[in-house]
Structures are given as C-alpha cells and as structure tokens.
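For reference, the chain that follows is the form predicted on its own, supplied as structure tokens.
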C-alpha cells in the first residue's frame, strides 16, 4: 500500500464514519495525505484528518479520531491504528501491505512517479534566454539545468509543457556585437562598449573566411553582414552547447518578430481595450501602478520609439494568445525588478497574475577549485562558459550539482568536490547506488537467478526492508510536490537522503543472493523485487534531473 493508497483509504473510512453519524460529508476534503512520523515507534504513517475536520462538523477531533481508528481497523492491510494527542492517527500496516509497494513500482516501470496532477494545464516555460552576443555562461547554465529539470518534472505531473528560449535580438547589444566583430576582422581595437574575449575573433575569422571581401569595407557597408552572420553563428553555437548539455527547446522565439510582425502594436491595442493605456507628454503609457507596480511604464516614447517594456508586454500577450494557461519565466538574479512589472502586465491584460504568470529568480553561481576561484575564461573574456564547465566536470556532475540546490540561494561549485569518486560527492553517491543495484542484478543473472513472476510481500518484514519500501512509496508525492512548488531540487534531496541512503542500509543488513551452497528461497525472490523497484526509482528520479543512471562505475 503506497502512501497515496493509504490516504485514499483514510478518506474512504472518514466518509463511512460521516455517513454513519449523519455528519455533512461535504465538510471532508476531496483529497488528503499521510506522513511518515519522524519516530518509527509512532507507526508507519500519520494522519491529521480528524484534526482538520472535527470542529467543522461539531465533533471533538479526538472523538472523531476514535471513530476513524475503529473504521480503519476493519480495512485490509491495516494492522493497527493508535490515537495520539488531540486527534492524530498513527497507522501501522501489516507487512504484506508494505511489501506490495515493490510490485507497484516494478509494474509501473518508467511511469512510476508520474501523475495527472497538472493534467489540462498548458505551461509555457521560458528559461536561459541569453543574448546572442556570446557563449552561454555559468549563470545561464544554472537555469539550463534547473529549467530543463523543471520541464521534466512538470511533464511528469501531467502538464503540457513548451520550453521556450527568448532570443534578445532586437536591442543595441546586437549592434555592439556586430561592431565588435567588424573591429576584430579589421584589426581595430574593440569598441569601448563592445564585446571582448577570443570568441569574437573566432567568429570574425569564420565570417571573413566565407566572405573575404568584407575586410577593408566601410563599417556602414560591412556591418549588416557581420550582424546577420555573427548572429547566426553565435545562435548556432548556443543551440549546440545546450543540446550537448541535454537541454532542448521546443521554441526559439525571436524578439525581432514582435516588432516586425506588428505584435507590439497589437498588444498595445489589447491593453487599450482593458482601459489601462494613457498618454502623457507625447508618450504612450501603461498604468501598471493600478496593480502594485512601483511606477507606470512607458510603451512608446514621445519620439515614437517603442521600449523594451512594450516588447515584454507583447511577448506575454503573444504567449497567452498561443493558448498557454500559465507563463513561467526563469530569470537571473539581476531581474528582481521584473517581478512587479511582468505581473502588472498580466493584470493589465485582464489576467490573474496569481494564476497566469510566474516569475522565478535564480541566484548566482561561483566556481572554485579546492576553495579557490577558477580563473576567468580566456575564450569568453570575463565569464566561465557552459562548455568549459562541462569539459571540467562532465554533463552529469554539472547538471546534478546545479539542480540539487534551491535557486533561492547562491551556489558555489567546487570542481574537485563534484568530480571525486566518493560518497561525499552527491552525484556519485546517487549514481553509485544505481550502479550497485545494477551490479547485484547482473550477479543474480550470472548465477541463473531470475526474479520470479511474483513474490510474497509479507516476507519483506525486516526494518531495513520496510524503511526502503516506504521511501520508494513516497516518490510520486515527491514528484508532485516538486512540480507544484517548482522545486526540482526536491528530487535530488530525496534520492540522496532517502533512496540511496536507505538502499545502502538495506544492502548492508539484508543478504539478497545466496552464498556458496545456499539455496534460492522465496525471500531471495522477494528481495530481488525490492532491488528492482529501487533501481526503477533511482533511474526515474535521475531522469527527471536529466542525469544518467549508470549500470557500472
């Protein structure tokens, strides 16, 4: 019996009690949950349902808990129910009810952990969105790892997710990029506001190799070519770097299309219909202060120039008109000011900023080696690039290390720590658990021992077995919570602190395969089911983080 199954049983028992006592069944929640007590002596699971609803229906919580305990005691798989404090229910399952979790996991396979919790939601998830003027750097890389993991988690929870990269290709930074390429190709100093780093010279050389006549041409003649070709080459490099990192975007959205296709003008008209547009000083404004923004925002300046904010408004409205229920933005640490203005755009467009838009802010990443800052990149100038990080630590270590911590906090990665083969290294610890499971199953196959078609779940009665089973049973709830809270790092914490740890403890305490002349027993088969279930959960969890599950290490 998984925690979800038990929660359904508790709710079913509550309905039976309410009907017997003539209480209002409508006072019961549509769903409930159970939790594992910190102290195992308090039972396998605990429920607070009696505390939640007792007073609503005029019954003392402890009295209601007593009735619930009696009803639950008649349900299959429940060994005992104890009442604690003002109305807590401490529930103990029989061994078979716990042991059957392994069968549930193995039967579901790669689908275990998935749910329909967010079914029907269409989510646009925008992340990374680096300017196409340089390589992906370490800060973008954190969002690449977290954003892609979040995409996987939301999808596992049943949402229809479109991952999107917003190409900031309509601003002055693209022109500065082109001028930097022109200067490099012609042996001129980098413009004062231009871009440095060896990559500028590399791209300029590639452009000149294809079109040698560009060298020596006047800037006004050559600049459009450096602009177009440089943009194309840089964007291709960004795409390829992300793909090598295991990050694929469904949509690459160009900011230029908002201006060239009339989307900005359309957005302004839509906002005007909502009554939040006004004109002052020859400029067109959006009255965002009506919705807690710190000041009203200019859409069109008095000289007719459209602002970045106008593009932001057009982009949001474009997403909503493409049918997305919820627009999720993953932005860098320097974008805190965008939270209020983006939510105000949603409100001005007639949407609910609590439902239709989310802005997640990620904190900075520092890279060190043995506690000392890693030198700046020669190729990219003043940054460390995604490719350089991957070259130093590998895709798995980079993705796992960047995704395993809450983005609310700044992150420091030590190259030596995240690449060493030690249990102190979280990614190694989890991957080693999967490799250890795989090794055991290989050994079983080599001895001619195959997992039986079924097993007696009551045989899995050892405390270490029951601990591991209950941990595996929590995986769907962990995924659902990670999706609901937009916190994929919860998957990593669960794999490290729960699954891998409980499996190693089980392995050390419970012999799985016979030794020497020992015979294969029913317990052997039962434990092989448990081992297979463990492998399934670790593999599924690592997949949600975009990390491989190696069979050998």
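Positions refer to the first chain, counted from 1. In this text the structure is predicted, and so the values were computed from the model without any measurement. What we label the rigid core is the largest C-alpha set whose atoms superpose within 1.5 Å from one form to the other.
Form predicted in complex with the RNA: not shown, discussed below.
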Contact flag, residue 120 vs the RNA in the predicted bound form, heavy atom cut 4.5 Å
no
Spell out, yes or no, whether the shortest heavy atom distance between residue 263 and the RNA in the predicted bound form is within 4.5 Å.
no
Looking at the partner-bound form in the predicted bound form, is residue 48 within 4.5 Å of the RNA by any heavy atom?
yes
Might residue 8 be said to contact the RNA in the predicted bound form, defining contact as any heavy atom within 4.5 Å?
no
Decide yes or no: are 143, 349 and 387 jointly within 4.5 Å of the RNA in the predicted bound form, with each residue judged by its heavy atoms?
no
Which of 236 to 244, 179 to 187, 442 to 450, 146 to 154 has heavy atoms within 4.5 Å of the RNA in the predicted bound form?
442 to 450
Heavy atom within 4.5 Å of the RNA in the predicted bound form, from candidates 301, 322, 272, 206, belongs to 301
Considering the RNA in the predicted bound form, which of 215, 84, 80, 108 comes within 4.5 Å of it through any heavy atom?
84
Considering only 314 to 340, what residues come within 4.5 Å of the RNA in the predicted bound form, judged by heavy atoms?
333, 334, 336, 337, 338
With both forms fit on the core, is the shift of the CA atom of residue 89 between this form and the one not shown 2 Å or larger?
yes
Using a rigid core alignment, state whether the CA of residue 520 is displaced by 2 Å or more between this form and the one not shown.
no
Is the C-alpha displacement of residue 49 equal to or greater than 2 Å between this form and the one not shown once the rigid core has been superposed?
yes
